[in-house]
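Okay, here we've got a single chain as structure tokens, the form predicted on its own, with questions on binding and movement later.
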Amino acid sequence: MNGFPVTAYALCNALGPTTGAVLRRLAASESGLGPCGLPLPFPAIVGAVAGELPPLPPSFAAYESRQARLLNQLLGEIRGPIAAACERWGVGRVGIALGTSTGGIAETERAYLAFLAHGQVPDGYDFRTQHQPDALVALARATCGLAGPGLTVSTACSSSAKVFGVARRWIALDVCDAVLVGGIDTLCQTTLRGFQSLELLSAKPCQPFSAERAGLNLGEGGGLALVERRAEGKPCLAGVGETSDAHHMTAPHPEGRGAMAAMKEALAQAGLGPEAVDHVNAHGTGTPLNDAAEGRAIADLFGDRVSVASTKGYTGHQLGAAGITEAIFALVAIEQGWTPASLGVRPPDPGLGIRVAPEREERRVRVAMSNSFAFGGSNASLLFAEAA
């Protein structure tokens, strides 16, 4: 089994502003969900990042926005490992691939409201640096001095899972020796109203894989991970499965065909069979159709042997940041030897045929899979394995 080690990571979401805070609450099975603070004409539960995030340094004021502050917070945690990778491989050999779904929509909403009230957008608002999805890549490259390739992936909920595929290809093709991957999304009116119009939001905390599941809760936050060509004693990215079944604009194939194909592809890349997988961090949004389709695919491939969890009940569905967040949770399962409780699963849906853990489980995890399945059938399954 060949793979590329993940040498560092960082998280910021509704569970806390730092990786340590997030993982402490995840281990304690504490939800970060709560009422939405945005003015909406309907009730909504969300996973919001609490408190004020530090502003950007003055030299990067043109990028000032909530998503840029999230990125700055995350970079601050792993600036040392990034600098070490640049020293080890050279700045031109360190790439960056970030995922986002909303980009800077929240900043543009605020600018538009100011325009309606005062006839002009606020001083300092810049569509290019505060709205465009690729602004975060430009900011990260500038602040860290990276000179390798950079791109943004925006495939809705699979965005920051698919960046691992970018990293794997760049390293395998000898374009890079290390790639900084991740994703960031923030809460905004456009997204919340859009999901409400699709009748996908739940007015109570979500219950993935429960017989009583009624919809999803949106969240915000982000994560970063550093994937390198080689390193000792680190869990590795062993396989990436990507599919595009295009069954429907917003609904998954009812038999989970795209999900199944993505999981099989990840296993094939790693040279592993389904029996090697100990844990699946499922996409598990809590909507009736998503959970039924994914549950069927997992059951058909793994049966009820593996421990399955959805962590959307902790953070909400972070859209473009969901993939990186849940990938890191899968890495933590390998590193620390436990899998999280799937909050809200009681009573479980007996028709799914999978074993969803209602409580945290202490167990050795050698191989973990993380699923991210997006609108339009843009699917990604990531396979991580313990250090050889």
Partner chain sequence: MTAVLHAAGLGFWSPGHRDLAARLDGVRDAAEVEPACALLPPRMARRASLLTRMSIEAVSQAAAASGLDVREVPTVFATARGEMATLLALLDSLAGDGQLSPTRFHNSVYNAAAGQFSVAAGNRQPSTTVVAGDETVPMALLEGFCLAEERGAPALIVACADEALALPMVPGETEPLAWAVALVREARTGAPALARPVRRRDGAGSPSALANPVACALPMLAALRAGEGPRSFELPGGWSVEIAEARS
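Residue numbers count along the first chain shown, from 1. Predicted model, so just to flag it, every value in this text is computed and none were measured.
Although it is not shown, the form predicted together with its partner chain is what the next lines describe.
Enquirer: Is residue 19 a contact residue for its partner chain in the predicted complex, using a 4.5 Å heavy atom cut-off?
Expert: Flag for residue 19 set to no.
Enquirer: Is there a heavy atom of residue 166 lying 4.5 Å or less from a heavy atom of its partner chain in the predicted complex?
Expert: It does: once its partner chain is placed as it appears in the predicted complex, residue 166 has a heavy atom within 4.5 Å of it.
Enquirer: Whether residue 63 contacts its partner chain in the predicted complex should be assessed with a 4.5 Å heavy atom distance threshold; does it?
Expert: Taking the distances in the predicted complex, the answer for residue 63 is yes, it comes within 4.5 Å of its partner chain.
Enquirer: Please tell me whether any heavy atom belonging to residue 89 falls inside 4.5 Å of a heavy atom of its partner chain, as the geometry stands in the predicted complex.
Expert: Judged by the heavy-atom cut-off of 4.5 Å, residue 89 is well away from its partner chain in the predicted complex.
Enquirer: Given that its partner chain is left out here, which of 146, 226, 270, 306 has a heavy atom within 4.5 Å of it in the predicted complex?
Expert: Residue within 4.5 Å of the partner: 146.
Enquirer: Considering non-hydrogen atoms and a 4.5 Å limit, which listed residue (317, 279, 162, 283) is close to its partner chain in the predicted complex?
Expert: Spelling it out, the residue with a heavy atom inside the cut-off is 162.
Enquirer: Go through 68-76, 167-175, 202-210, 291-299 and give me the stretch that gets within 4.5 Å of its partner chain in the predicted complex, heavy atoms only.
Expert: That would be stretch 167-175.
Enquirer: Using a 4.5 Å cut-off on any heavy atom, which residues of 169-201 would contact its partner chain in the predicted complex?
Expert: Read in sequence order, the residues that approach its partner chain (within 4.5 Å, in the predicted complex) are 169, 170, 173, 174, 175, 189, 190, 191, 193, 194, 195, 197, 198.
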